[in-house]
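The chain below stands alone and is given in structure tokens; this is the form predicted alone.
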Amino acid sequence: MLPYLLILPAIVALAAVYAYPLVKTVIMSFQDMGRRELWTGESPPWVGFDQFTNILGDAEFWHVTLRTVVFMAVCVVATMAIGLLVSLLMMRLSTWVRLTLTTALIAAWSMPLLVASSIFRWLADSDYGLVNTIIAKFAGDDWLGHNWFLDPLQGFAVIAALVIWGAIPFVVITLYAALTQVPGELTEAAQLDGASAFGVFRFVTWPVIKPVFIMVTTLSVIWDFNVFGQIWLLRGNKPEPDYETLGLYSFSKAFTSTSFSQGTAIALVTVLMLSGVAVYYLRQLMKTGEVE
């Protein structure tokens, strides 16, 4: 009985923070709450599955979903590839260089999103941005005054750079910790048998770090699918429709169009989309525990 009493405060806190808002979201998605119901406190009318029918039948919703998936895939692939390369590089560095790099990564990781977004806005600024200045030195003065956010593809490249930059420290530190668990005698034996560097990684290193790599990738999918603050801040708190991902699309429907129920329905559909990824992550976590 005592263990249950000790864990009870945590359960109550989780229920208050997560369960109650989720239940309210589910209820609201089956209603039609507008500005009138919000200000008067009147009970919104029930509309059944109308909100979901309207969303799933809206071409714009699927366009935003495709944009979100592509953006997430680019960010996850780039983050994991760069993170793996840097973590492998750290295995070859001297101790003091590795400690210096680790300190820099932790400093970058701990930087508030508002500060990091301000730095990237300055880097990509059309009038006095550092990126335009450097490119202009090699490609000509036409790049001076170039606005990266006029073209959504270029704008998303800047946003993706910020997302990847913010995620790499966690990936590098986690994968480096996994790499330190690779038995040195197995690596030496493979090298003595004539295995190439790629062969050592493929048949000795990868099987050891694979569970950690998959779990970090799964977390990155969840995080990058829900990117909100980076886009919001880089677009000056007023993201254009071409920059909307599912999170921003839900927010826009709820608070710009004052269709709160439609916004909550979009948020609920997003949760259902990510629930499969979450289940896969939990399965991998349980498998790792069974191995240990």
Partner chain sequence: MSASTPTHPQDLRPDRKKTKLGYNVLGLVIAVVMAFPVYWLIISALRPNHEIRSYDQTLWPSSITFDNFARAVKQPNFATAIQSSLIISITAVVGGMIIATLAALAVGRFRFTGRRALLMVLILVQMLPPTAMLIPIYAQLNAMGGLNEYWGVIVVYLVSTLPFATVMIRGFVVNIPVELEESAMVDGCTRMGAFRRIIFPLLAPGLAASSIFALVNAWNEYLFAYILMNDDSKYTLNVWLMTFTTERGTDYGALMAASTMIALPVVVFFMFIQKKMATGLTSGAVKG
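Positions refer to the first chain, counted from 1. Keep in mind that this is a model prediction, so the values were computed, not measured. Basically, rigid core = biggest C-alpha set you can superpose within 1.5 Å across the two forms.
Just so you know, the form predicted together with the partner chain exists too; it's not on screen, but the next bit is about it.
Colleague: Give a yes or no on whether each residue among T53, A160 and Y243 has a heavy atom within 4.5 Å of the partner chain in the predicted complex.
Modeller: Not a single residue of the candidate spot has a heavy atom within 4.5 Å of the partner chain in the predicted complex.
Colleague: If we take heavy atoms and a 4.5 Å cut-off, which stretch out of 201-209, 107-115, 152-160, 71-79 is in contact with the partner chain in the predicted complex?
Modeller: Every other range fails; the passing one is 107-115.
Colleague: Could you tell me if N237 has a non-hydrogen atom within 4.5 Å of the partner chain in the predicted complex?
Modeller: Yes, contact at 4.5 Å.
Colleague: Answer with yes or no whether S94 is in contact with the partner chain in the predicted complex, where contact means some heavy atom within 4.5 Å.
Modeller: Heavy-atom contact with the partner chain at 4.5 Å: present for S94.
Colleague: Taking the partner chain as it sits in the predicted complex, is F251 in contact with it (heavy atom to heavy atom, 4.5 Å or less)?
Modeller: Heavy-atom contact with the partner chain at 4.5 Å: present for F251.
Colleague: With the partner left out here, check for me: in the predicted complex, does some heavy atom of W223 sit within 4.5 Å of the partner chain?
Modeller: The answer is yes: W223 has a heavy atom within 4.5 Å of the partner chain.
Colleague: Along 42-69, which positions have a non-hydrogen atom within 4.5 Å of the partner chain in the predicted complex?
Modeller: Not one residue comes within 4.5 Å of the partner.
Colleague: Is P9 one of the residues whose Cα moves 2 Å or more between this form and the one not shown, with the core superposed?
Modeller: Yes, the C-alpha position differs by at least 2 Å between this form and the one not shown.
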